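Just the one chain here, the form predicted alone, laid out as structure tokens.
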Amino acid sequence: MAQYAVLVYSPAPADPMDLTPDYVALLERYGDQVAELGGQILTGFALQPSTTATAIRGDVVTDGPFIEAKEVVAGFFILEAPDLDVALKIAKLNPATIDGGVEVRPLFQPPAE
């Protein structure tokens, strides 16, 4: 099956300690929804709040995210799904789409030699 990175965007600063009980309940159900559509979450990670980020451009190091925005990357997971259409159906069910959004990108597969 194909693999996709699903980037999760939430309102800044996206502190995972601020998740509401209702949101956590939605997250707990998400795995079953993924499986029902024929997908599998292989691994995933929440990120610390965007206020903890350090950005580097060339030799310049600054405190804060790479780009100031209303929504920031809050985490990501690797999704295995039969195809892009199924991956998109799964991504649409992610609770992050309520107040933020998700981005689905196929993982790079080098061309066969």
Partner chain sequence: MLAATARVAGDLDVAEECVQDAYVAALAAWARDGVPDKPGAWLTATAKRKALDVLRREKVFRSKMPLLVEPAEAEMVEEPGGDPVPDDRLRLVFTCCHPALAREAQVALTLRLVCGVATGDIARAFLVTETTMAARVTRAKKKIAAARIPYRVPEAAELPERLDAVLTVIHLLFTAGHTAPTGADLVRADLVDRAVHLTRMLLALMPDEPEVRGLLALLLLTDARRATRTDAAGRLLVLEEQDRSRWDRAAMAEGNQLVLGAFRTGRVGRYALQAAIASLHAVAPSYAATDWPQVVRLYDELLKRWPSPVVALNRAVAVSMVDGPAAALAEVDALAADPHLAGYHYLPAIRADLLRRLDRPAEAADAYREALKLVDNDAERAFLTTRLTEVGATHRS
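The model shown is predicted, which means the values in this text are computed figures rather than measured ones. Positions refer to the first chain, counted from 1.
As for the form predicted together with the partner chain, it is not shown, yet the points below apply to it.
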* To do: Please pick, from 63, 83, 68, 32, the one residue with any non-hydrogen atom lying within 4.5 angstroms of the partner chain in the predicted complex.
  => 83
* Which one of these stretches, 83-91, 69-77, 53-61, 39-47, sits within 4.5 Å of the partner chain in the predicted complex when only heavy atoms are counted? -> 83-91
* If you check in the predicted complex, do 4, 106 and 112 all have a non-hydrogen atom within 4.5 Å of the partner chain? -> yes
